[in-house]
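Below sits a lone chain in structure tokens, taken as the form predicted alone.
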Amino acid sequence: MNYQEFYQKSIEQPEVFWQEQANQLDWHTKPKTILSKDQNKYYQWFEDGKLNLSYLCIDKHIHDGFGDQNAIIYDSPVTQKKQHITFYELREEVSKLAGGLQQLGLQKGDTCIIYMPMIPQAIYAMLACVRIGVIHSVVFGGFAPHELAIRIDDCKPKAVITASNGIEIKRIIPYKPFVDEAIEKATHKPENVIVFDRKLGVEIPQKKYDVDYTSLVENALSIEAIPLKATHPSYILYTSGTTGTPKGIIRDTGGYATALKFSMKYVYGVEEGDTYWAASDVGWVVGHSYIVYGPLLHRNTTILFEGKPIKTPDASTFWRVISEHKVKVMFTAPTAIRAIKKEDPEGKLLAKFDMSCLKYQFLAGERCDVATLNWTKEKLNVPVIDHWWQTESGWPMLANMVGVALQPIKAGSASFPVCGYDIHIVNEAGENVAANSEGYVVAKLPLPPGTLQNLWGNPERFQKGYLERFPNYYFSGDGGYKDEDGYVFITGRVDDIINVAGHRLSTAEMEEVVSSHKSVAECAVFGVHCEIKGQKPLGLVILKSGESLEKNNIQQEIIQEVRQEIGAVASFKDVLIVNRLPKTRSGKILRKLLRNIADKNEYKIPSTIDDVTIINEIQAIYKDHRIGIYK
């Protein structure tokens, strides 16, 4: 198949193209209206169609005779446990949990928060919710109670599904106490907290709203999947916003199913029955799309991995999982590869495993540096595909579509636009820029199926954040350029969202925590280069008059407060005390300049700076403390 012809059809005849793809699904009511607009005059797909994600992920395959195929392989090096779950077994668990949720009063259109570690019950909960039209919102288990409380107040869940605990390397994370603390902080109070006890000897504090997960499932009736409108929200997924307030991305049902089914075959190059592994977390968009819904829709066996790329037990863990479970296509973040490379630079541990099953290695979540891509290609001896997408898109926007035809790989580029995404690089005026000229990365409307519908409870922010700046285009918030061959290179965020090991985090939110410390007069938090995680946050702090480091360990207190409010996922470990910060004459802190100096990038001193002499001070402080690439 010719990529260019296939792609052009999706851009020139989007309704014809996506109707053909939608026909690959088992609809309850096939859509006749392919593309339309909602009450906000924003595009929507398949509005008169009806289907169910849980049915497509489970029941369809059983009806087709594949009930005995493994749907999920749970591999947990942190608990030394493995479990193979067939589609029959998955239906039993999911249909009964759905029945239990109905018994508790959850109905179509209600919301439910899922705050779970990487265990099968997390997937059961997601599929049980979509089975009965309950809109789930999975919150990453690494987030602190404060962050969980914000999301409770925003989506107002009728119930929260959680577990007794999560497990990190050599430590237990108390999930249930975190949930209790979050509910105490939140204004909205969920009616029930459904608690799965992992039986690991962790004490579970009891509350009146608690419901035992195991008892709920055991005593429930199995529930069939109900037909839902294609435009019915399947889930809300929160992503960091530039204001520090998370944005609740709304995903539809029919467009999402169509896009994911399409992407498994044409982007990732897997066939039905293959084993696929996305090494992510169900709390992130990768986990939603490519641990749960994408593989299961496409009848792939999906790997649910509870562990880390290193120290569980060592840097060979990924290779062991691929070899043991016969993974055909694997997807992880570059930060995971960098961690493995740091521990085993020669790839000696890799030599112990038969990796002949692996056909492609995909990387995404952050920009992949050339050295990491080349090392991975050399060690694995398979094509290594860097691709780009966002929580908002829900599935890849740029990729080397290996299921169509593998194109030559250019290190540093995420290759070409995926079908349906009309990607442009524009200047401030919204005009296309020349090849190799950097600009804003935008996509012409309509976006293809599966992308964000709106922001939960905030359509004004949706319009302002994504659609207003460049009329008739979706603004990605990233910068980049196209070369003379049409390859797209993403250069990074144009706002203050940083990417720490594939996790998008708001420095504005961290800055709010830092500035609230009793000794802090002013501060700036921004992302700097990190050899392992891609980026990490750095805080520069001006102390209040009369405060000094000798009085107490202010830096450690600030770090601890960020960890408590945002969570360990922020990797906030560096705080420097400074006398002043570079600002414009209007008082705006020059964060981009601070970042460029730290990373030893070329930079121009803005003409609007109020005092140019501060630059030398900042350079000296960075060198003294070995910040950024000095480490």
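Residues carry their position along the shown sequence, with the first being 1. Treat the numbers as computed from the prediction; the structure is a model and nothing was measured.
FYI, the form predicted together with a small molecule isn't displayed, but the following is about it.
Out of 387, 299, 176, 482, which one falls within 4.5 Å of the small molecule in the model of the complex, going by heavy atoms? That would be 387.
Given that the small molecule is left out here, which of 499, 361, 253, 137 has a heavy atom within 4.5 Å of it in the model of the complex? Looking at 499, 361, 253, 137 one by one, just 499 meets the 4.5 Å heavy-atom criterion.
Does the 4.5 Å heavy atom contact test between residue 519 and the small molecule in the model of the complex come out positive? Although the small molecule is absent here, residue 519 would stay clear of it in the model of the complex, with no heavy atoms inside 4.5 Å.
How about residue 312 - does it come within 4.5 Å of the small molecule in the model of the complex, if we only consider non-hydrogen atoms? Contact with the small molecule, no.
Is residue 490 close enough to touch the small molecule in the model of the complex, meaning at least one heavy atom pair within 4.5 Å? Flag for residue 490 set to yes.
Hey, in the model of the complex, does residue 420 get a heavy atom within 4.5 angstroms of the small molecule? Residue-level check for residue 420: no, no contact with the small molecule.
Quick one: find which of 389-397, 506-514, 98-106, 374-382 has residues within 4.5 Å of the small molecule in the model of the complex by heavy atom distance. Looking at the other structure, the answer is 389-397.
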